[in-house]
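Here we start with a single chain on its own, the form predicted alone, put down as structure tokens.
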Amino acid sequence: MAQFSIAHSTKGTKKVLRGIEIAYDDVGSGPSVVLLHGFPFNRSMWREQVEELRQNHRIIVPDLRGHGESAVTPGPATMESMALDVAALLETLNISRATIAGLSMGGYVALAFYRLFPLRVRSLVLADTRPQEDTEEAKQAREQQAEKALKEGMEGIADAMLPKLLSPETVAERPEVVRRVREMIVGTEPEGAASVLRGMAVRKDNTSFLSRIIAPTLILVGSKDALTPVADSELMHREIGGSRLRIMEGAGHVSNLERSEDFNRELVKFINDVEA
């Protein structure tokens, strides 16, 4: 199995799946857990979670299409296409069922995966995400952001996104987290970012689907998440029967980095309870 990339420059394993090259890490042994990153990040955002979980689990961490070391594809990179990529990866790795965990856009992909393959989901983790589709205003904003990325690169995107992604306290007091998030953003190919932005703009509204989710579900959210506020997670908690909601105090949108110890504790407890 590939060694996990502590620095993202370390090459992971790559496979051609569904006609495109997908990079991923596959570490540890035991029940399988798939970690799906947000936009415009890469699999290195899960470093702390991998180190915690790999002791007792097999962890699969892909770069979703358009991100990291995975291929950029023409046209919108839809949430369904990413979910199909994940399914193809699991099939090649002989994994029939797994915990599927996603943060932000990764949560959109996790929901798409559940819609397509409910029997392959042992349990579901939805972090700092939401079920609603984009408003018309949000769709227009994504298109403007896509054009900006293509014309000007990712530096400006990083400048605009960072204050929304992280809590004010993180921005002021934790330069290492700010630097790490910024490096992931500027390391994303502009063409990949544009493709994914356009894919997120056309995603389905999953609100009415939530009540059909029967897999054990953990919902995690930063108390200061400005992009997918606590209210969005409370909605999911109400609609998904038997789900757990845990709020990461003081964290913004990237709660797994801002409050990694709290995030890991809740994640490990949930997975262990499901497997008990």
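So that there is no doubt, residue numbering starts at 1 and follows the sequence shown. All values derive from a computational prediction rather than experimental measurement.
What follows is about the form predicted in complex with a small molecule, which we do not show.
Although the partner is absent from the chain shown here, 108, 130 and 227 each have a heavy atom within 4.5 Å of the small molecule in the predicted bound form.
None of 241-249, 36-44, 51-59, 208-216 except one has non-hydrogen atoms within 4.5 angstroms of the small molecule in the predicted bound form; the exception is 36-44. This chain lacks the partner; the member of 181, 200, 83, 98 within 4.5 angstroms of the small molecule in the predicted bound form by a non-hydrogen atom is 200. Of the residues 148, 142, 120, 204, just one reaches the small molecule in the predicted bound form with a heavy atom at 4.5 Å or closer; this is 142. Within this chain, residue 104 lines the site of the small molecule in the predicted bound form, having a heavy atom no more than 4.5 Å away.
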